[in-house]
Ligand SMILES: NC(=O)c1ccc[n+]([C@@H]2O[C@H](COP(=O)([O-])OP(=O)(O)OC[C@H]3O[C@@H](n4cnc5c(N)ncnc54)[C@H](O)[C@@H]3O)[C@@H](O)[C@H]2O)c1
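Before any questions on how it binds or moves, here is one chain, the form predicted alone, in structure tokens.
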Amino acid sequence: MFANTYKGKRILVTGHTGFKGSWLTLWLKDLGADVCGYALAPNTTPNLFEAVHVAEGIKSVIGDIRDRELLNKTFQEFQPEIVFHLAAQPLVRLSYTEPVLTYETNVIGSLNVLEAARACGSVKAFVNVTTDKCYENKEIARGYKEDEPMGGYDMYSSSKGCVEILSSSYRRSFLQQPGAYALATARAGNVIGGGDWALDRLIPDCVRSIEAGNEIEIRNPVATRPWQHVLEPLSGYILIGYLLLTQGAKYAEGFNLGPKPDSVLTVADVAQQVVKNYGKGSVHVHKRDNLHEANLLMLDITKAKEVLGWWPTYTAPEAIEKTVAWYKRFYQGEPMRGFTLQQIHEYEEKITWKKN
């Protein structure tokens, strides 16, 4: 899918060394795009970027989105047509200990990327990736819609709410004139998939415990989350980028890219499914600390269905199965680039929606 649209297109991905960024960069390269990545060096060992050799065949710039000089230099030299902005401080719990870093990266860094794109006349489409946590979460038993208030209890969530407000303001202030790029935001969360080793994320923590022969310790077993495989929102990002490039400002809005309604599972259920798919391991409920984490947060994806023609493909159990299969292969010592591309191709074959 999208091969005719993305083949030969110059695409800049910020955050290409991260979990989602590595999957996206590999997928775009597989679609024939000319990709430039801009990001900090991977911050975990192991990491997906190195495990699947993402840097092969692309231009990879190691840099900070707070470094405006290097960021602008990269844009001016590469002259991208589409920008996917994923670079961020993405962890809720880290935002409690690093609030300034979180805001400098997520808010000021995003503004730097928006400005670099505006100063670069080649950019036609910009997909700004935020999160489902951008909403003012009242833990209601329904999905949030795109027009509901932004907010956020913790510093990470509130910073992403700020990015949504920033994007809306930036669009109205600077991107209305002819020739300006089309800017959309995409909101997804609780993404799982092979190659994530970030701290304080459920499935990476489960995998680390299983591989170390330890019990899986979970802090908040009854918390419910909408779980989705990483390829679900990425397919939405790619679709939005295509629509922005081909049809412009018509799609320059915010979109929720959540999973199927029945993909809302408790943390304990997910941990048990990981153990079942792995074929080993056990779960222990650990005493919680006093850091606030939302117990319930869901997205309403009606707009994505009706406006984009996009909807999720995998169920939560399928997403968990695909994720565990990736980690098992990795820890068995198998080369992972080919298997990762195989999972991408399997997903492409199963997609039931088609690009507009």
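Computed from a predicted structure; not experimentally measured. The numbering used is simple: start at 1 and walk along the sequence shown.
One more form of this protein, predicted in complex with this ligand, exists but is not displayed; see below.
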{"property": "Segment assignment from 307-315, 62-70, 325-333, 24-32: heavy atom within 4.5 Å of this ligand in the predicted bound form", "result": "62-70"}
{"property": "All of 224, 258 and 298 within 4.5 Å of this ligand in the predicted bound form, heavy atom check", "result": "no"}
{"property": "Option touching this ligand, based on a heavy atom within 4.5 Å in the predicted bound form, out of 117, 82, 239, 86", "result": "86"}
{"property": "Answer option from 74, 158, 209, 105, heavy atom within 4.5 Å of this ligand in the predicted bound form", "result": "105"}
{"property": "Proximity of residue 188 to this ligand in the predicted bound form, heavy atoms at 4.5 Å", "result": "yes"}
{"property": "4.5 Å heavy atom contact, residue 17 to this ligand in the predicted bound form", "result": "yes"}
{"property": "Proximity of residue 171 to this ligand in the predicted bound form, heavy atoms at 4.5 Å", "result": "no"}
{"property": "Partner proximity in the predicted bound form: residue 39 to this ligand, non-hydrogen atom cutoff 4.5 Å", "result": "yes"}
{"property": "Residues within stretch 122-153 having a non-hydrogen atom within 4.5 Å of this ligand in the predicted bound form", "result": "129, 130, 131"}
